[in-house]
Each structure stands twice: as structure tokens, then as C-alpha cells.
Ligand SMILES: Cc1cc2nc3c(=O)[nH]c(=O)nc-3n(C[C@H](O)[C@H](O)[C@H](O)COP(=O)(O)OP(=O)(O)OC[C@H]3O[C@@H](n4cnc5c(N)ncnc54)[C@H](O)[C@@H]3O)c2cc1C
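Take a look at this single chain, the form predicted on its own, given in C-alpha cells.
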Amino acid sequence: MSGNPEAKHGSARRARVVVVGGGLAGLECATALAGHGVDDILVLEAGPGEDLDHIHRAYSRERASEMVFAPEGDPYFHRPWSSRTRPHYTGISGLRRRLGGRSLYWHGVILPLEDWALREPWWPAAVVTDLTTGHRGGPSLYEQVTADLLEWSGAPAGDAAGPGTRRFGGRSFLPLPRACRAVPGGDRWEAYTPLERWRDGDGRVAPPPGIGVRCGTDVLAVEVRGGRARGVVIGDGAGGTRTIAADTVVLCAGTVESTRLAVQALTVAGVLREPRLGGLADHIVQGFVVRLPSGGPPPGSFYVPTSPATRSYLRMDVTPDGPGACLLDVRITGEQLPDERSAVECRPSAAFPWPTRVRTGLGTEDRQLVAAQRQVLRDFWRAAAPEVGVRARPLEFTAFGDADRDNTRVLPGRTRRQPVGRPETWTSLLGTEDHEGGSLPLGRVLTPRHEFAGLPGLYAAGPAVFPRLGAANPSLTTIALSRRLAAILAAGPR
């Protein structure tokens, strides 16, 4: 993919709708709005808009992994917050400031949130109905988005996970459903990004009619006047600021940044008693990686659906590792429960943006989840090792939050040095899965229509709006809710 889709709204001082953030949620929302016939939409992105390739299309598997797990080599990586609970929300935790955002880094996993996570009183009933039962007289949003992604991927309709199961380690694995497709002429691939909906037959990327894009634009604050959001304040590139007026502002800048903007606006409007919003959560993810001799499972990505008992699902990725051998990467992904003590906090200052800090930690049920996940991994490896003719060496874990045993253990440069048959465990630090959310929940901070309950004219999309994360990867739900918000805005006030 090539081309610079930045349009002539570069000097705009007003737009009907301003979307803050050009990542998965922001681009999906803007594109859906344009599809409903809404015009004068302005997308503001802090990073550049020239490099629009998915990293697994642009780079080898090894180099793409390094860009994710060694972000100092990624020119688009940026972390505008500090952590009060190090090492969580440090290291590889941050933004990918470029048009396309994290949609150019994700692995395309499309799993819906689980029934147990979507139950009331956590999620508003109207939102759950739209996601799972039917939306505006048609199929559910999950059905619509999944069908669209499968069509883009080239997979047969209704074949999200592909045919067949794989029995391994005493468990029946299904092919992992992913919105991915191979790049012709090699072994590279790409995952879906909303930018694909902007590409013409010649591969050029341009926003649909009605959408303007301004890249290299830092949004410092939401403009609040008369108890309502009136636009955004941006840097003018010369050390000053200026305002872009808008009827509607949609925050899609990533969980921490969207929450920072919300904290500032709600504090200025007198809605918050202190400049913080709690409920921040991430997925709790642990695993092990091991090199196997010949006779291992076939290459591919597979999963075992979520167990309500552990609020987690088990995944294994198998990749070739020399003649007849393979690398087995096993991980278990579960839900960190929302907690008011895990929060995005701001320190008010004379100028925007306010300095932002993140605080997080595990509650009692989360610690129980960590222990249960480790037992699942131990049981699986104990059953799997004999199937591939290796000794079932015990999995040894260190304390959760050990920065020396984090998810950088899966980097190819490290796994190549592993002895065959000797597993190495790892644990993701909170904030490093790119799954953080929950700080702007629908039904509490937001109304069921995605509008801030205390500040009309301000809306939000992305994982920040999830009342609970569940165990599933958040991208399918992010796309679905972004389209839901677009339909609400296009329909106008009720």
C-alpha cells in the first residue's frame, strides 16, 4: 500500500465531526460515518501518514517482531505517560503514532467477547443486543463485521476459523479466526486495517468523500464551553495553540490518551471531583515457548475457546524452525477485572496536555486467575511433551510482573538459542498486550449511545469504552462498536 491520504483539511478551523486518533477505532468510525452520508469529518492523527503498510507486509517475521517487542527500533513508538506501578505500563507499552495506528501491528484475531463478560449489569442491554442479536433491523454487529472481514480475507463465508480441529496436549484446538491474507509472491501477510477500505484498484489510498485527514497534529485538549464539547485544541507547530471547532468530538486516541483528554475535559467542566478515571484493565497473559523436534503439531494458529472457570482462552502458534522442527508458542489470555484503583491520573497544570500517570495492579480475583492459568499451562505441557518425544520438564514461573521474564522472550533472536525440548516461560506486564481498556465504560462514564454522561457533544470509541474486557482480543468488538457509534451519530439526536 502506498500514498499519502492527508487531505485538504490541513488548515481547517471547523468540522462537523472531529475524530481524534487515526487508528483502528478512529478510522473505522470515520469510514462508517461517511458511508452513512455524513460529510465534513476530520480525522486528526498525531503521527505521519506516508507509511501505510502493515508491518508483516513490509518486513520479515523477525524484523516485524523486533518492531513490536523492541520498540526503540520503531520510529512511530511513543509513550506520553509515566507509570506509578513500574514495570507495568512501561517497556513496550505505548502508542504507535502513525495513520493506521495499531491496526498496522495486530495479528488479525477476530473473537467476539464471551457471554459471561457481556452480561448485565456490566454492559448496557442495548449495546449487547446490537452486538449479539441484531442491529437496526439487520444481523448483529458481530455477524456483520465478521462477514465483512472474512470477505476481505478471501475466506469462505461462515468459515471464520477454517475447517477441522487439532488434538494436541490432551485438548482439541480450533483454527484461530483471523482477518489476515497472504501477500502474493512471498511468505508475508497482512491483517485488516480500515485503510483497506480507502484503497482503490491501483493500490492508492485516499479517504472517502466527506473525510479529511490531518496528520502530525497533537490534540492537546477538548474545547469545553457552556457545559458542552465545542471542538479541540491543537498545537500550531510553533509553540502555540489553536482551536478546531466541531459539533461532535469523538475520542479514539488509544485508551490512556483518550482517557487523558476525557479527564481534562470533565475536570474543566466540573464533572470530576479529582482528575482521574479508574477501571483501567488489560489482559492477563502468560505462556511458554519451546523448540520441538520433528513430529510436532502442524504449522498454524490454534485456540481452545474460553473457559468461564478461568476467564481465559488457550492459544498455540506453531511455526517451522528448520528441517522437520518447529517452534511452539503457547499462551493463555485472560481477563483482568476492572478496578477503580487501576486508573489514569492527571496533574492539572497551566497548559495542556496535563502530565499523565498510570496506576495498575492485580486484585485478589486476578491473582487467583494468574495461578489458575499457570496450572492450565503446566497440565497442557505435561500432556503435550510425550506426544513429540521430549521430556516434560516442569514449567517454572517467576513472580507476576517480573520484567526479566516478560513477553520479549518470544523474540526470534532469543528462541533460536533455546535447547530443543526445554520450555521457557514468560508473562506479559500489564499494558504490554495493546489490549488495555475499560476506563471510559459504556453505561457509566458514557451513556449507551457512547456520549459522555456529563459532557454533551463528546463521544468515545475503542477498548476504553468496554465495561469489561472479557478474554477475547478486543479488535472485533472495537470495529463493531465503532460502526455502532457511527450509526448513532449519523441518525442524529433522538
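What you are looking at is a predicted structure, and each value in this text was computed from that prediction instead of being measured. The first residue of the shown sequence is 1; numbering continues from there.
There is also a form predicted together with the named molecule; it is not shown, and the following applies to it.
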query: Heavy atom contact within 4.5 Å of the named molecule in the model of the complex, the stretch among 251 to 259, 146 to 154, 131 to 139, 372 to 380; finding: 251 to 259
query: 4.5 Å heavy atom contact, P463 to the named molecule in the model of the complex; finding: yes
query: Residue contact check: L44 to the named molecule in the model of the complex, 4.5 Å heavy atom; finding: yes
query: 4.5 Å heavy atom contact, R414 and the named molecule in the model of the complex; finding: no
query: Close approach of R422 to the named molecule in the model of the complex, 4.5 Å, heavy atom; finding: no
query: Of R230, R181, R199, R96, the one that lies within 4.5 Å of the named molecule in the model of the complex (heavy atoms); finding: R96
query: Residue (of F77, Y105, W123, F288) lying close to the named molecule in the model of the complex, criterion heavy atoms within 4.5 Å; finding: Y105
query: Output flag, G21, V219 and P474 jointly within 4.5 Å of the named molecule in the model of the complex, heavy atom basis; finding: yes
query: Residues of 433 to 460 having any heavy atom within 4.5 Å of the named molecule in the model of the complex, listed in sequence order; finding: D434, H435
